[in-house]
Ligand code: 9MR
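Only one chain is included here, represented as structure tokens and corresponding to the form predicted alone.
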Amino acid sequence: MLLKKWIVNALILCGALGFGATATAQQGLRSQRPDFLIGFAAANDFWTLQDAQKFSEVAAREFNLITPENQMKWAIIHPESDVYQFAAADAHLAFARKNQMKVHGHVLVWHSQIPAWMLEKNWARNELIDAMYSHIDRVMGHFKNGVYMWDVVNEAFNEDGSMRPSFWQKNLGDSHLPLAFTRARLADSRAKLLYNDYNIETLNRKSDAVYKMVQAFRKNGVPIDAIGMQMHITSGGIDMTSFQQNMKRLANLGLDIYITEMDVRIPKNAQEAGLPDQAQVYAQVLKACLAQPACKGLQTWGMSDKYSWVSGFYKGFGSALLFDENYQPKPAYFAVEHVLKSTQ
């Protein structure tokens, strides 16, 4: 086992040091498995960045799936009760169309980034349901047939499997989830509907609660198509057997699975030393995903370490993505590329 890991790491580092790396990277990850979605979350207004041309070139070459990182969230797209701002999200869709990418809409109902006009109001139950329906109708209607899949509800559970005491939970209780999914299906019958959350990749109390919820959805006719596993993890990786078992039980319910927000953070004081382990984690997760027919795609939460959220959120960590701050592919990139090629 140790010999195998050493060989893998050696091959990865050879790629990182430039032996064929430039020519290989130019082909793009998306070209390795056209039947599989490989994606990234796009920075806000990325077309205005100082290095916008480079950002766009790499994105277009490498990926066939894009998520606006923030510019479809409620507070951004619906900042006042009678105001919708679609321009930024529309620009993401235009980029996707130009480059033959699918779009992952993020997010319709979430506990965070709720605008002040909603939080400051005392809502009657039916009034809030109507407001949620109106938002879903308007947003999904605007992007109808342009967004391939939607995170309908995001992060509704605590780590112990209980429901998060969010704005939605406090006002509508558990019913806000089936209500949101049912309305989303009516708003766009062709879009895939996802429940998305973090720390639900392996078997644990949180993933058990999500499983029980979607099992009940299936039994009661609540529309849901897929589970989004965010996969914000460290270079220590996850329990791969548990991950595979969790995917299997979800697949047995008839659900698709997407890895929606993957990043693999490394301690800042050991970033160079951590690159081989990071690469191996990316490779293991992708290989397990590809081995499960229900797993349809893997997306990283960002593209270049230059614009990653990780260093600002996890103190002492960074370097979590496939490309460094200069858009150079890292060992993790070549590990992902190798798995995509070898599993065709």
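In this text the structure is predicted, and so the values were computed from the model without any measurement. Numbers for residues come from their place in the sequence shown, where the first is 1.
Not pictured, yet referred to below: the form predicted together with the ligand.
Heavy atoms of every residue among His106, His232 and Trp309 are located within 4.5 Å of the ligand in the model of the complex. Picking from 134-142, 111-119, 237-245, 213-221 the stretch near the ligand in the model of the complex, with a 4.5 Å limit on heavy atoms, gives 111-119.
The closest heavy atom approach of Glu155 to the ligand in the model of the complex falls within 4.5 Å. In the model of the complex, at least one heavy atom of Asn70 sits within 4.5 Å of a heavy atom of the ligand. Interface residue remark: Phe36 is not counted as part of the site for the ligand in the model of the complex, having no heavy atom within 4.5 Å. Among residues of the shown chain, Phe55 is not one whose heavy atoms approach the ligand to within 4.5 Å in the model of the complex. A heavy atom within 4.5 Å of the ligand in the model of the complex is found for one listed residue only; from Phe46, Phe317, Phe63, Trp301, this is Trp301.
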